[in-house]
Structure formats: structure tokens, C-alpha cells
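Same protein, same chain, two forms; see structure 1 and structure 2 below, as C-alpha cells.
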Structure 1
């Protein structure tokens, strides 16, 4: 004999009921089947709502009743049973009884626990009869047996206690003589030993199935629901979650206590006592393996079996110096909550005895505070303890696994993983059995926490990065295309799952927490919402995705001013924008401190030399104990391009225009040609070398004409290049006369820095620097005579994008 239980969702529609009947038909071909069913999905809540409305003299109870009636008759009609007079007559009779009961509640203005049990029993009575009669009409051997005739309880209404000796005998006697292949039983419902209708409380249908399975001592209890077993975590919040094949009773109960709704632990005690395995199956996917719960060894390779959570938690803190060394505080606290029938979900106490923290349901918080403050009003008045502190909008997350006790470092890995993603832990609880490690966190962080922990403990060490890019012009577009091209490679070879979750230009922005489709991102962006810098930050923050990275591909000061805000939210920052790192030294150091404090990477390799590993090399030198003595560099790919292409047969204006057209200069070329851009770069290198310096400390010798320096607009500046051609030709002529090349050189030596145009003689490492190339020479204590040289393309959209991409990958590899 097999015992199966189907939950409310499994019988929530005619389609699902047909699935149930097909499963029962298949099972009954080889064995007798007992099927316990819940009420149609949502009906129990609707019955309680109608009862409350009637009790409160709210005439809407009639509308609620009509909804309940329509749901059942719609299912009956959709089952295509023809002239199924028995079902219709039975449904009419029961629904008329329900309406009379609701009318009575309305008249007397009372809904007692006894009446409530009678009220909610209609759901299971109706669903079980409809299913059994449908099977009979379709020619299957089936009967409906009212569980109230089998399961006998006391009169503790809404959560009655079972009389097992009587109930077991009733069940065994009935099934000894039952001839039908399939027996349908309504779950949840029972009767007291004096004939009053009772119910078995939360999870009552599971309880009914467990009672029957234990009484008949079957080999396995099957619980059919709308998911394919117990998952590693909530699949609605973590898409990578997957069903657990096998799990122990203890692990299943721990996970169920912490929010896994598939199973309610107290209800399965009868089968647990007899070591009857429980098989969780999916009504909508009968072929799925599901989860087997038993005491057999699971041979799991992972010490953690699952991650779960309970939402809507309030944290109560009782604290005060008067508690230290004084016995009885805990006893009085728990007695007070017990008297108020408030369930304590989590307990933690500091070893100093200065405080006790309790996690309870948020709905009980106000009542708990009033009761506890009243109990301790004398101690509060004497300032021995503080009024109880209540914190809300919290959730409990828990790691569960029988084998966690045999593995060191599980809790450390859990807490460090949460900390890296700026998830603050308000309280911690871990029992000596080490089967469960619980932490209280903010409700808003639950999704991020579950995804982060699942990635750490269950996925093949693939790290997901969520990237938010502001500035999708020339360089930004190249970056998006590089990401699109390399995503598969990153996942397969570097175990990095890279998603672009947000994109913005100066006009529009788009977001998708599951990752923007990069095949048509431009079209999506055109139809996006209005973009603002604050709006982009707020959306990035509110999405609260793990391993978030903000990528700044602009030269905008206002964007740079938001870096601190991103870092404070533990959102990493990758920037080619040099403004932040070359701002005041105080701001530069602030960003560095915030990066460390909030464990948010702040990388800006492309600030100097586009994609060249200049800053990374410098940082490695410093980290290894070396010390920079001087730096000589050509740091402007745009200026090098300009002076490599400018001669006595070209015009300076044309060369600058060409550099701008090919993307080597900023939109405002004065930033490049004034030397400000190069000054910022050498400043950044000086600071990264450990020197405190500001932009105004750098000697900048301009080569532009006086009118070019004073120009008000970009157009005016270009006009000065035309009118002052003779000035620029004179620079070229002077260098040529000495057989020199013009190079814009940045220097740092003995704590001082300068930038300016120089005539470089033949034989110098800078002399043959071609095109848009950069070159940096680091003289250090380890490289005093022959410098460390880095040379290569220092401008261009592709190489700058690749430098940004490299910083993103560097974060993924940390």
C-alpha cells in the first residue's frame, strides 16, 4: 500500500486535478493507494477571510462566499463530467451549509476556535469528494473516506492532539476491509472523542498523511507539491538553486523550520518515529526525481545541505548592567513571552551576560515589547536594565547540514562571504550540534545573501559579477562588445559569470537584474527611462546585487563625485575617468579608505596608459617592498599621435582634428593639449608611489599659443590652431634643427613632478616612440640604472575598453 499526499497547489485547478488523477491511476495499477488531499489552493485563507468579515459585521462575507462557490463550481465544470449530479448535489449541500454557518457568525458576531475549525474543514471535504467522484465517473476504483471518522483528537480546537491508539485502530480496521484501489482522504480535518469537528493545525494535511502512513506502516510516504523536492535554497530568489536528492530527517526539519515550505516538521513525527522515508515529488513534473528524506547516509560531498530563511523577523534585545551575575532574567523573559503565546525563533546571549537577543515574528513585536517592559518595569525604573529594544524589517538566514560539525571554517566562510557584500549581521546563533548556523540580517539583503552564499557553497566556484556601466559612447560601446564576446570564455575558463545589469548614457538608462540582452542593447537603451546620475546610483543600490561593479566610462566630474557613495554600498568602482584620482589628496585617500572599509574594489588602471598595466606594475613594485625614486614617461597617446604626425608639410589644426576623429583625444581637446590630462596621470603615479601631492604642485609648462590657452570654447580653440599655425611650426622647426623629436614628457623625481613638451635627442628611449604609444620608465631601488619600462598603445577605444575589462576581471579573480 502507498500513501500519497497532494497539497493545495496540486489540486488548485482542473488541470492539476487531472494530473493528480493520472498519477493515482498509474500507482493503482500495481498497488492500493491512499491519497490525502488539501483544500483547493487558497481556499482555506478565503474561508478564514469570510469568517472574519462575518464576525466583524462586514457584509462582504457574502462576496467572499460567492468567490469560494465559483472556484469550486468552475473546477467541476472544467473537469467535463457531464451530468455529474452526485458531485453537484454534494457541492450544493456543503456550500449551503457553509453559507448558513457564515450567516450565523454574522448574526452572533462571534467566531470561536470551535466554529473556526468547522468553517475551515469545508475546503478539504469538498476537494476530496470532487476528486474521488471524478475518478469513479471515469471508471476508476476509488472511494472518498472522511478522515473525521478515522482520526480522533481531544477538543483543543485549531490544533487538536491526536489520540493515536484509537486513530490507529480506526485506520487499520478500515483499510483491512476496503476493496477500492484508491482511497481519497481529506487532510487536516478530524473529530474529537465527543464528536466535535477539529483540525490538526498548520501542516495538517501532511500530518494526516503521516498518521495514516505510520498506522499502516508503509514503506514510504510521498508528499506531492508544486516543486521538485527540497531545494538547496529558495528557487524563487536564487535561480541556480537545485533539488536535493537525499536529505536526513534532521536536515529537512532544520530547513523547514527556516522557511522551506515543502514540509512542516511536527507533522511528520509519526513516520519519523518509525523511520519511514518521505519522498517529496512534483505534481506538475511527476518524472522529476524529487527529494527523499530518511535516516540513511546521504554521502554528500558538501557539508552544507541547504540555505534557508525566515522573513518578517523582529529582534528583541534585553540589556543592562544590572543583569550581570543576577540569575532569573532569562527565566522571567521567556515566561513572559510564553504567557503571551509568542514563539521564540532564535536566541543568542553575550557571554558577558549584559544582553539577550531574541528573534520573533514581526507581527508579535509590539505585544512582546509591552509585555516585557511591564514585567521588568521595576528594573527599568531603577536603571538596572533598558526598556526592551525592538528592531524590525529583519530576516534570519541559516546554513543547514549534518556534516558541518566535521568541517572547520564553515561559519568563517559564511560570515566573510556576507561581509564582502556589505551584508551586516545583527545577531548570530549556532547550536553545539553544529547542524545549523543562523544569522539575522536586514530583510532587504535576503536575496543578495542567499545568492552569495549559494554561490559560495553550492556552485562550482563560479563568481557572478553584476556590472553597471555609465557612459556607452566610443569606449563604452567597445567595452560592452568585448563583454558580449568574452562571456562564454570567462565562465568556462575563469569561472566568472559576467552580467551587465545596468547601462546609461547622458539621456537614457536601462536595468535588468538578470542581465541585459547585449545583442540589442542599443535599441533597449533608446527606449529606456530618463537618465540621471542619482537615479542610476539609486537603482544600482536598490537592486542590491552581489559583487556589483560600477564602471565609469566618462570624463564627467559629477560622476566621479559619486564614487564614495558607490563604495559605501560595497559596490566596486572601475574608472577610466581620471578626475577622482587626481582631485584633492584628501578625496583620493578617502576613496582608498572606503574601498578597504567596505571591501569594495576601486580600480583605475586606465587612468594612466589606457590598457597598459602601468598602475598594476607600480602597485606590485610597492607591495613587494620596492621604492620608486623617479619616473619618466610619455603618457599621452593623443599628444604622441599629434607630434608624430605633425611636420612642416602638415597643419597642426588638421593633425589635432584627425586625432579627435580617431578617438585619441577627449571631446574637448584642450584637456589633452593643455597638459592637464598628462599632469593628472603623473599625479596619480606619484600618489600610487606613496607621495602626498596635489595637481597644483605639478609644474606644467604649456606649449599652446597664448590665444589657445585663453580660448573660451572648443570651436574658439580650433580657430586659434589655424591662426597660430606659425607658433606650432616654430616648435617643429626648432626640434628638427637639433635632430630631435617632440615628445610631451611627464617627470617625477625627488618628490617633485612636471609636464611639458621636450625635444628628445636620437638614442633616447622616447625618440622612436611611434603613433599613439605610451612609455613609462620606473627607476626604483631595485632598478636604479636600467629602469622598468612599460611601452605600448596608450590611447584608443579598444585598448581603453580592454583596460577597463581587465580591471573587471581582476575583481572577479579576487
Structure 2
């Protein structure tokens, strides 16, 4: 004999019921079958809702009743059973009884646990009858037997305790004489020994099936549900979760106790001693292998078997110096809670004995506080202890695995993974058996925590990065295109799964926590929501995704001002915007500190030399113990372009205009031509070399004409380039006379920095610098005479985008 249980979704529609009947038909060809069924999916909740409405004198209870009625009659109609069936008469009778009960609740304004059990029992009574009769009408050997006549409990309504000796005998006696191939039993429902209707607790149909399986000592218990087994974690919250092939009873019990709803926690208990395996299967995908829960050795490579979570947790803290060394506090605390029938889910006590921390269901928090404060009234009045502290909106997450005890460092990994993602841990509990490590965290962090932990323990090979890009102009657009093109490569070769979760320009922004579809991101952005910088930050923060990176592809001061906020949320920052790094030294230092404190990388390689690996190289030199003595560099792609194209046959104005048109200058060319841009760059290099310096400390000798320097607007400035052509020609002629090239040079020497136009003689490494190239020469203790030289294209959208991309990958490789 086999026992199968089908859950709410499995019997939630005529289509699914037909699937169930097909499975039962196949099974019953070789063996007799007991089939336990849940109520039609969602009906128990709807019955409770109608009951609550009636109790609250809310007439909507009639509508809720009608919905329940319609759901059942729709299913019956779709099953195509014809006129002759008893089902309609039975359903009518039961639904009339239900309506009378609801009317009664409405009238007396009361819904006791006893009445509630009577109310919810209708769900399973209806579904089991409908399925059994359908099978009979289709010529199959089937009968419905009311489990209330088999399973006997105490009168602990809503979660009654089973009297096994009577129940086992009832079950065995009934099945001894049953001749049908398939017996359909309603799950969840039972009766007390004085005949009151009771239930086994929410989700209790699994338990019914286990009780029957144990009473009949069958070879296997199958739980058919709407997912393909017990998953590594809740599949609704973690897309990458996958079914576990084999798991021990203990592990399954721990996972279900800590929230894996797929199995009702007490289910394991009746079958455990008899060693009856539980096979979890998917009604919607019967070929999937599912999960086997048994005592067999499992073949898992990971010591962590699964991760689960329980929501709606309240944390109670009892603390005070009066507790230290005095026995009896915990006893009184637990006794109080037990008298109130409050279940304690998690306990921790610091060895100082100064405080005890308990996790309970949030719904019990108020009752618990009143009861505990009353118990300790005297001690509180004498200031020996504080009134109990209650914190809510919390969740428990738990790592579960029989083998965790044999592996070191799992809790360390768990907590550092959570810490790295800015998830605050409020309490920790680890049983001495080490089958379970639990942490209490804020409810809002649960999804992120499960995803990061899952990635850490089950997908350790891939790291997901969630990128939020602000500014999709020239460079930003190239970056998005490069990401789109490289994503597959990164996943396959670097095990980095890169998703663009947010995009904005100055007008619109879009978000998608599963990653924006990059094939038509421009159209999506056009239809996006109104963008603001704060709005972008708020959404990025509230999505609360792991390994989030904010990418600033603007040159905007207000964006740079938000980096600190991002870093404080443990969101990494990658920027080509130079403003933050070249702002005050205090701000630069603050961002560095926040980056360390919140474990959020702050990378800005593209601030100097676009995609050239200048800052990274400098950081590596310093990290490996070298010391920079001097830097000489040509750092402006735009100025290099200008002076490489300017001569006695061209006009200075035309060359600058061309540089602007090709995107080599900032929108305001004065920032380049005044040397400010280069000054910012050498400032950043000096700071990264370990020197405290500000922009004002940099000596800047301008080459612009007087009127150019004084111009108020960009247009005015361009006009001065025309009128002062002679001034610029004289710069060229002077250099030419000495066989020199004009280069805009930045220097850092002996702790001092300067920028200015220089006449570079032939033979100097700068002399032959072409186009928009940059060059940096680092003189260090290890490179005292022959400098380390980095040279190449130092401007342009493509190379800047690839520099940003390299920073993102750096974070991924971390």
C-alpha cells in the first residue's frame, strides 16, 4: 500500500484534479493507494477570512462565502460529470451548512477556536468528496472516507494533538476491511475524543498523510505539491534555488521548522521511527525526480543542505544587572510564556547572563510583553531588570545541514557574507549539534540575505553583480553596450553574473531587479519614470540587492555628493566623474573610510587616463610597499589633441571646436583648456600616492589669453579664441623655433604638484605623443631612474566605458 498526499494547488483546478486522478489511476494498477487531499488551493484562507468578517459584523462575509461556493461549483462543472452525479447534492448540502455556520458567527459576533476548526474543515471535506466521486463516476474503484472518523485528538483546537493509539487502531481497522483500490481522505481534519471537530494545524494535511502512512507501516509516503521537491531555499524568494535530491529526516525537520513551508514540520515525526521515506513530488511536473527524505547517507558535497526563513518574528530581550548569577530567571520567563501558550522559536543568552533574547511569533508579542512584565513586576520596580524590550518586523534565517559540524568556518562565512551586504544581525543561535545556525535579521533584508547566502553556499562559483548606471550619454551608452556584449563571456569565464538593475539619464529612470532587458533599453528608458537623483538612490536602496554597484557616468557635482549615501548602504561606487575624488581632502578621505567601513568598493580608474590602468597600477605599487617620488604626465587627451593638431596652417579656434565635436573635451572646454581638468587628475594621483593635497595647492600656469581666462560663457570663450589667434600662434612659433613640441604637462615632485604648457624637446618621452594619447611616468623607490611608463589613448567614449567596465569586473573578482 502507498500513501500519497496532494496539496492545495494540486487539487486547485479541474485540470490539476484530472492530473491527480491520472496519477492515482496509474498507481492503483499495481497497489492499493491511500490519497490524502488538502482543500482546494486558497480555500482555508478564504474560510478564515469569511469567518473573521462574520465575527466583525462585516456583511462582506456573504461575498466571501459566494466566492468559496463559486470556486467549488466551477471545478465541479469543469469536471464534466453530467447530471447524475451526487456531487452537486453533496456540495449544496455542505455549502448550506457552511452558510448557516457563518450566519451564526455573524449573529453571535464570536469566532472561537472551536468554531474556527469547524469552519475550516469544510475545505477538505468538500475537496475529498469531489475527487472520490469523480473517480467513481469515471469507473475507478475509489471511496472517500472521512478522516474525522479515524484521527482522534485532544481538544487543543486549531492545532490538536493526536492520540496515536486510538487513531492507529481506527486506521488499521478501517483499511483491513476496505476493498476499494483508492481511498480518498481529507487531510488536516480530525475529531476530539468527545466528538468535537478539530484540526492538526495549518498545513496539516501532510501530517494526516504521515499518520496514516505510519499506522499502516507503508513502504513510502509521497507528498505531491506545486514545486519539484524540497529546495535549497524558498524558490519564491531565490530564483536560483534548486531541489535537493536526498535529505535526512533531521535536516528536513530543521528546514521545515525554520520555515520551509513545503513540509509541515510535525510530518516527519510519525514516519521517522519506522524509517518510511518521504518522497516530495510535483503534481505539475510528475517526471521531476523530487526529494527523498530518509535516513540514507546523503551524497551532498555541501555541508549546508538548505537555507530557510521564518517571517513575522518579534525579538524579546530581558536584561538587567539583577539577573547575573541568580538562578531562576529563565525558568520564570519560560514558564510565563508556556502558560500563555506562546511558542519560543529561538533563544540566545550571553554568557554574562546579563540578558536573554527570545524569538517568538510577532502576533504573540503584545501578550508576551504583558505577561512577562507582570511576572517580573517586583524586579522591574526594584530596577533589578528592565521591562522586556520588544522588537518587531524581524525574520529568522537558518542554515541547515547534518554535516555542518564537520566543517569549520561555516558560521563565520555566513555572518561575513551577511555583513558584507550590510545586513545587520540582531541575534544568533547555534545548537550544540550544529545542525542549524540561525540569525535574526530585519524582515526587509530577508530576500537579499537568502540570495547572498544561497550564492555563497550553493552557487559559490558565480557571483552576481547588480549594476545601477546613472548617465547614459556617450560613455554610458557604450558601457551598456559593452556589458550586453560581454555578459555571456563573464558568466562562462569569470563566473560573474552581471545584471543592469537600474538605468537613468537626466530625465527618466528604469529598474528591474531581475536585470533590465538590454536589447531595447533605450525604448524602455524613454517610457521610464521621471528621474531624480534622490529617487534613483531611494529605489536602488530599497531594491536592496546583493553586490549592488552604483555607476556614475556623469560629470555632475550633485551626483558625486551622493556617493557617501550609497557607500553607507554598502552599495559600491564606480565613477568616471572626477568631482568627488578631487573635492576637499576631507571628503576624499571620508569616501575612502566609508568604503572600508561598509565593505563597499569605491573605484575611479577612469578619473585619470580613461581606460588606462593608471590608478590600479599606482595602488598596486603602494600596496606592495613601493613609494612614489615623482610623477610626470600628459594627462589631457583633449589638450594633447589640440596641440597635436594646432600649427601655423590651422586656427586654434577650429582645432578646439573639432576636439569638442569629437567628444574629447568636457562640455565646457574651459575646464580642459584652463588646466583644471589636468590639475584634478594630478591631484588624484598625488592623493592616491598617499599625499594630503588640495586643488589650491597645485600650481597652475595658464596658457590662455587674458580675455580667454576672463570670459563668462562658453560662447564668449570661443570668441576669444578667434580674436586671440595671434596669442596662440606665438606659443606655437616659440616652440617651433626651438624644435620643441607643445605638451600640457602635469608634475608631482617632492610633495608638490604643478600643471602647465611646456615646450618638449626632441628625445623626451613626451615629444612623440600622438593624437589623444596620455602618458604617465612613475618614478618610485623601485623605479628610480627608468620610470614605469603607462601610455595609450586617454580619452574617448569607448576606452572610458571599458575603464568603467574594468572597475566593475574588479569588484566581481574580489
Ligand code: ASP
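Whichever C-alpha set is largest while still superposing within 1.5 Å between the two forms counts as the rigid core. Just so it is clear, the structure is predicted and the values come from calculations on it, not from any experiment. Numbering follows the first chain given and starts at 1.
- The form predicted alone corresponds to structure 1; structure 2 is the other form.
- A movement of the C-alpha atom of residue 60 reaching 2 angstroms or beyond is seen between structure 1 and structure 2 when the two forms are aligned on their rigid core.
- Core-superposed comparison between structure 1 and structure 2: the CA of residue 189 exceeds or equals a 2 Å shift.
- Relative to the superposed rigid core, residue 691 undergoes a CA displacement smaller than 2 Å between structure 1 and structure 2.
- On the core-superposed pair, the CA position of residue 99 changes by 2.8 Å between structure 1 and structure 2.
- Core-aligned Cα shift between structure 1 and structure 2 at residue 108: this is 4.4 Å.
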